[in-house]
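Just the one chain here, the form predicted on its own, laid out as structure tokens.
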Amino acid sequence: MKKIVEIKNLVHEYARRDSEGNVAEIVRAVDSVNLEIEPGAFVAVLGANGSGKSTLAKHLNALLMPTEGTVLIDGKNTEDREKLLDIRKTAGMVFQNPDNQIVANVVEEDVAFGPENLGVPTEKLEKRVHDSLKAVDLFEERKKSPNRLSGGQKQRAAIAGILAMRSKCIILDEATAMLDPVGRKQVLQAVLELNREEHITVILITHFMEEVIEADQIFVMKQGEVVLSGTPRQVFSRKELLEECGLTLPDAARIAWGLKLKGLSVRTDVLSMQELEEELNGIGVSHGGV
């Protein structure tokens, strides 16, 4: 099966300039990254600020070009300028600040903006907008001004716009970073449902560990390199390496590690508080409502 994303020996460098505009140094933001993503997968890229994860994300939508190496999106090389529109239709990006993505005064018009500019006929456009808003549970808000939406709703509207373009892949580049816990939950629930029910590939770029629990695979970045990959259970079991990467375990795994250090024979790869409670019950420990 053809991969939706194939990255081979990707390097991205940029020039850091001094106050006079002269090149002070060459910074390698992404360093020899190799990864593959299957169609329909839910993949998370974790990393602290400066790890290179957002630079990597911009290569997936051809917003940046490789200094070295190759990026293929659904088999198309991002350096092929004739394929640029197809690549951006295939891999839609949702950015951190939802206000920067609003282009219309009415929600349904905003969702229609992308496919309309692609020349989608009116009768098909209306159905796409309808179906996309339904998919992210925003249909009842379709006549509202986007400015009246919450942050989480604005991000879901951005996702609907990508769906209306028939994107096979959604990339969320720190798309929940500016949202409150309710908004973050809304956005994650929407993309999880799209992933599971519509088999849309989801690539989540984040530093929030709790957001990646449902991922099929996680890639952890540090100083431009992928230093760890695996399932959530495999990744959460590497506490020391995660801490070296500037990341903190989700609450359930963090508590489990604390109990293990106190001498309890507890699994440390738990993904939720419910799993931790079940683990404690299984070894006969009173958890006092953990």
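Quantities reported herein were computed from a predicted structural model and do not represent experimental measurements. All residue numbers are counted from 1 along the displayed sequence.
Below, we refer to the form predicted in complex with a small molecule, which is not included among the displayed structures.
Enquirer: Though only this chain appears here, would Asn49 touch the small molecule in the predicted bound form if you measure heavy atom gaps against 4.5 Å?
Expert: Within the cut-off, so yes.
Enquirer: Just checking whether Val27 would be counted as a contact of the small molecule in the predicted bound form - the rule being heavy atoms within 4.5 angstroms.
Expert: Because a heavy atom of Val27 falls inside 4.5 Å of the small molecule in the predicted bound form, the answer is yes.
Enquirer: Given that the partner is absent here, does Ser229 sit within 4.5 Å of the small molecule in the predicted bound form, heavy atoms only?
Expert: Because no heavy atom of Ser229 falls inside 4.5 Å of the small molecule in the predicted bound form, the answer is no.
Enquirer: How about Thr55: is it within 4.5 Å of the small molecule in the predicted bound form, going by heavy atoms?
Expert: Result yes; Thr55 sits at the interface with the small molecule in the predicted bound form.
Enquirer: Pick the stretch from 253-261, 237-245, 27-35, 65-73 whose residues have a heavy atom within 4.5 Å of the small molecule in the predicted bound form.
Expert: Stretch with heavy atoms near the partner: 27-35.
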